[in-house]
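Taking the form predicted on its own, here's one chain by itself in structure tokens.
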């Protein structure tokens, strides 16, 4: 499709505005993180010199090593559990015929419409009854359940778009359903699966409400929750707060940059590719 010069100018203008809206706050936080504390008054300003000591001070005072380790454990557990269950359920909903599959699929989709605020209090009492509060399981299991609605929907669409002829050829050769899934269907779907994993990892890493309600000890705090407590103790030390924010965001940003090519490929071509 060919665009006129006027349309191109409007498109680039809109994209520039959205780009600046997203980038200016991030640049401001990074500049604030490297500004010496005596010069930082909370506004957007260029520092007279780069002070990387803010990161060391934030790391030492904020216990971010422990918080990042907790976030890594929870995120890895949620991604692995969600991926395995979503692949199995997505293949079942897409390729197997069983009683009530249509109704059951829409029940699973209903999970997408429930905000965490609606069930976090009953969830807390249920987990306390079985003795799981203030554990990593209390963070991994509910977060995986919360992510399954989207993940199953994502994988079902991927597997429905997979060529039927290849699946039938594998079955004629004697492969059972599980073998067809793991040996035939999953390998060509890796881009879509990795896109789903990255989205689930980002949501899990940034989750704040569930850790706030379900854990009480400092050893089980995740990075966003630890940053909130760190902010309460250093309200006016903007350089230290910004450095803490950069430390918490850096792992997930690095993961996105490392997997950017596969992420975009999965978003654009992973579903419906024949």
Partner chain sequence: MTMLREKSPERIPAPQVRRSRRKSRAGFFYVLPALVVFGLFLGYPLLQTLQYSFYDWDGLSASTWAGFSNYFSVFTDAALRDAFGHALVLMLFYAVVPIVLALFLTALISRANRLRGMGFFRTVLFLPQVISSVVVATIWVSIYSPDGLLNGFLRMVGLGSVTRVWLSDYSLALPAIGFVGTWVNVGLCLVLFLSGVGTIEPSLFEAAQLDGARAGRQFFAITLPSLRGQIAVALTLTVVSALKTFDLVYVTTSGGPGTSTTVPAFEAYNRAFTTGQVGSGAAVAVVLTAVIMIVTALIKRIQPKESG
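Positions refer to the first chain, counted from 1. Note that the structure is predicted; figures quoted are calculated from it, not measured.
If you look for the form predicted together with the partner chain, you will not find it shown, but the lines that follow are about it.
Not displayed here, the partner chain is approached by residue 231 to within 4.5 Å at the level of heavy atoms in the model of the complex. When the partner chain is considered in the model of the complex, residue 152 lines it closely, a heavy atom lying within 4.5 Å. The closest non-hydrogen atom of residue 26 lies within 4.5 Å of the partner chain in the model of the complex. Among residues of the shown chain, residue 60 is not one whose heavy atoms approach the partner chain to within 4.5 Å in the model of the complex.
Residue-level contacts in the model of the complex: of 73, 194, 186, 120, one residue has a heavy atom within 4.5 Å of the partner chain, and it is 120.
Scanning 104, 190, 166, 80 against the partner chain in the model of the complex with a 4.5 Å heavy atom cut-off leaves one residue, 104. Although the partner chain is not shown here, in the model of the complex the stretch 159-186 places heavy atoms of 168, 171, 176, 177, 178, 181 within 4.5 Å of it, in sequence order. If you compare C-alpha positions, residue 263 and residue 207 are 3 angstroms or more closer together in the model of the complex than in the form on display. Relative to this form, residue 263 and residue 115 approach one another in the model of the complex, with their C-alpha atoms ending up at least 3 Å closer.
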